[in-house]
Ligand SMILES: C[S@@+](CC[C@H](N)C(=O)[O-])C[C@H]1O[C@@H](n2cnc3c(N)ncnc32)[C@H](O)[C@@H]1O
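Read the single chain below, which is given as structure tokens and is the form predicted on its own.
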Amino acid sequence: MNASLPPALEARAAVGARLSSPSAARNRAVIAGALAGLLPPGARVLEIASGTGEHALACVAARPDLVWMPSDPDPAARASIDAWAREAGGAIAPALNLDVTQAGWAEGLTAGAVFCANMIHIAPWTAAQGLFAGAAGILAPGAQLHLYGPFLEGAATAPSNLDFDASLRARHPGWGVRALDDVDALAAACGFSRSARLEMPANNRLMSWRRSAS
């Protein structure tokens, strides 16, 4: 995500370096529970745009076998991630400085899964493009990329997501709730096919795409 853009849509409480996100407090347990059933045993999980680090801690608490590799382009977020990680007993690696809009961001990285929550709608479309293109080089065939957040799904789109989309576009012309058909097309162009769609609270979804063998 472009580090010049606001890193969050909400105010965050701070205790030292540790930041607390109201949205993460609401959704971290349900995200961790859903991912727990999708991630392979002992996986190294690369999280993009980790924010405060609260999702990382919840996910390794739900699945102690995981090794979590958080990242964020924002220095304050990385400091918060590392502060929360002290409670994880070494299961969370030091936060990486990754910006998926930058060419070559994924070079030298490997992971058994990639996860990203609430980024592609508050970043330019180039962030989604960079995320899928980079993940294609990181993940082996059969591994999955997981995205959490709102999506536009045609006539089935929740009115609240249409309102959210309008508010995001009014705030920044490059933002907006992404059409699932557009994300599927981007995924296919990068060698992924949709593998899961889980309904989550507040009209969010946990969507998964699997890296193809060819």
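In this text the structure is predicted, and so the values were computed from the model without any measurement. All residue numbers refer to positions in the sequence shown, first residue = 1.
Heads up, the form predicted in complex with this ligand isn't pictured, but that's what we're talking about next.
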property	result
Listed range touching this ligand, judged in the predicted bound form by heavy atoms within 4.5 Å, from 180-188, 32-40, 150-158, 48-56	48-56
Non-hydrogen atom contact Asp82 with this ligand in the predicted bound form at 4.5 angstroms	no
Partner proximity in the predicted bound form: Gln144 to this ligand, non-hydrogen atom cutoff 4.5 Å	no
Contact label in the predicted bound form: Ala95 to this ligand, heavy atom within 4.5 Å	no
Residue contact check: Arg12 to this ligand in the predicted bound form, 4.5 Å heavy atom	yes
Check all three, Glu107, Ala133 and Ala135, heavy atom within 4.5 Å of this ligand in the predicted bound form	no
Residues from 113-137 in contact with this ligand (non-hydrogen atom within 4.5 Å) in the predicted bound form	Ala117, Asn118, Met119, Ile122, Ala123, Ala127
